[in-house]
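This document starts with one chain, in the form predicted alone, laid out as structure tokens.
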Amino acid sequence: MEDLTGKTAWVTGSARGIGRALAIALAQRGCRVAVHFRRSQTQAQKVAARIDAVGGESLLLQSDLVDPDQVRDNLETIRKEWRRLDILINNAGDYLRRPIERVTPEVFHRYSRGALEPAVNTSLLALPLMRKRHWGRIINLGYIFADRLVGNPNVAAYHVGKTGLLAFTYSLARRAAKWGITVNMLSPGMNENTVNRPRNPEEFVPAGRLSKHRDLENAVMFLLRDESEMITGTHMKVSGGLWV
């Protein structure tokens, strides 16, 4: 198990699901973790309590990450409490599954922004804290089709936002490398909490099963290692060969 003692992390959208699992996994490895939520305060408090119960140190942050000023407030809290930020995992993002002909322009823009802007805002505003120590890891949770220009009329807004996030990941990775900061996108395939998952995943997933939170945890821990400093600007798919 990786030893992350002394490091600090901010996991956005960590009140439930993948974000919750990653926040707890980091804390179990000695990392101080900022637990973030937008509306799910009760669930976020339970995650923070779980971290504290295993001897970890947590910080509870609330914000709508589409608003840069709220992101600034969150980062100022981290700076005051811990004086540093080493790891940023951008898990928060809006998801809409609806036929495109039933989506208004206003709704489309809201959800495409919600899939892109939280990670853009946190990454750009967290850079000064990471550059100060000349070390950092930014991991953006993505979408398995983000690097494929295919039509998906049921999740069009989400696809647009995540494709934009992949382009942002590539661009930031090229610039941040000289500061000792890596930037990567990590995309789950059919995960254990995937909406509308099939009854028989072995018929769809070459590996014969849905991916689990622990599979994503393992990928994250690999990217956090010092030995992974040359791995940046990648799109890593934790999918068991699905849609390769």
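The numbering used is simple: start at 1 and walk along the sequence shown. Just so we're clear, the structure is a prediction, and the values are computed from it rather than from any experiment.
What comes next is about the form predicted together with a small molecule, which does not appear here.
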Practice prompt. Given that the partner is absent here, state which listed stretch (167-175, 130-138, 146-154, 85-93) has heavy atoms within 4.5 Å of the small molecule in the model of the complex.
Written response: 85-93
Worksheet item: Given that the small molecule is left out here, which of 38, 50, 212, 29 has a heavy atom within 4.5 Å of it in the model of the complex?
Response: 38
Worksheet entry | Close approach of residue 65 to the small molecule in the model of the complex, 4.5 Å, heavy atom | yes
Worksheet entry | Proximity of residue 16 to the small molecule in the model of the complex, heavy atoms at 4.5 Å | yes
Practice prompt. Mark residue 161 yes when one of its heavy atoms lies within 4.5 Å of a heavy atom of the small molecule in the model of the complex, and no otherwise.
Written response: no
Worksheet item: Is residue 218 close to the small molecule in the model of the complex, meaning a heavy atom pair under 4.5 Å apart or at it?
Response: no
